[in-house]
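Taking the form predicted alone, here's one chain by itself in structure tokens.
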């Protein structure tokens, strides 16, 4: 009889774990990581555009040194943050990452505002191409960030819902921080790229 219990115990544990949400946590956690990877991919794409954009603007507006330096510094700060999977579970590290990205977004917006004062710059085809790429990237960032927010929402609901919350406590699953910033409305808008009349 004891041998029968010994053989049935692992089977009961497997069945119990599958019914208590353990496998769902694995799926939701992987979806969250995949969504986060896409956010990082789009942010990296944006960061890669910055040097060419700064160089192009510098060619027409070299005396706008303060704005150009601000953009370069913001990009440097973004690049200095080590983004590991653990960032998703560390609200403080996540907040630092968000703040750095927000600072870069703000600096890029100021750079675009400065560009409005230089008709020759606005007419430059290279600048216009970079602007279009930046606008497209900002849109992709917004989409990727929204997907991440949705995946975190699903994960957090599972962590907090009964009986899954018992499994979460047993295996150490905790709610993940969602993507928020102080001025979400401004950041979710791509920098203005209206060239108006370039005559």
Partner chain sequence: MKKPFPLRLKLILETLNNLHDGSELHGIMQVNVMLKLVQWVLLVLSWIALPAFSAPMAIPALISPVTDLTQTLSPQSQQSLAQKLNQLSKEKGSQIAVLIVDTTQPEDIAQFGIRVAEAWKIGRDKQDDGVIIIVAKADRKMRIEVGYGLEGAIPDLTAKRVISETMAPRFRQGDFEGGLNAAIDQLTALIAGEALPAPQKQSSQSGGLLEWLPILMFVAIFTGMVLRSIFGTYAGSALNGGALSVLVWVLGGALLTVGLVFIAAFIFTLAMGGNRGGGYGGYPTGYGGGYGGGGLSGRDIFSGGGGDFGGGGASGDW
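Since the model is a prediction, treat every value here as computed from it, not as a measurement. Residue numbers count along the first chain shown, from 1.
Note that the form predicted together with the partner chain isn't included here; everything after this is about it.
For the chain shown alone, residue 143 is a contact residue for the partner chain in the predicted bound form, at least one non-hydrogen atom being within 4.5 angstroms. With a 4.5 Å cutoff on heavy atoms, residue 51 does not count as touching the partner chain in the predicted bound form; it lies far away. By the criterion of a heavy atom within 4.5 Å, residue 147 is counted among the residues contacting the partner chain in the predicted bound form. Put simply, residue 160 is far from the partner chain in the predicted bound form: not one heavy atom of it is within 4.5 Å.
Distance criterion of 4.5 Å from any heavy atom to the partner chain in the predicted bound form singles out 132 from the list 40, 34, 132, 166.
Comment: the partner chain is not present in this chain, but in the predicted bound form one of 153, 174, 45, 58 has a heavy atom within 4.5 Å of it, namely 45. Stretch 121-129 is the contacting one of 68-76, 93-101, 107-115, 121-129, since its residues have non-hydrogen atoms within 4.5 Å of the partner chain in the predicted bound form.
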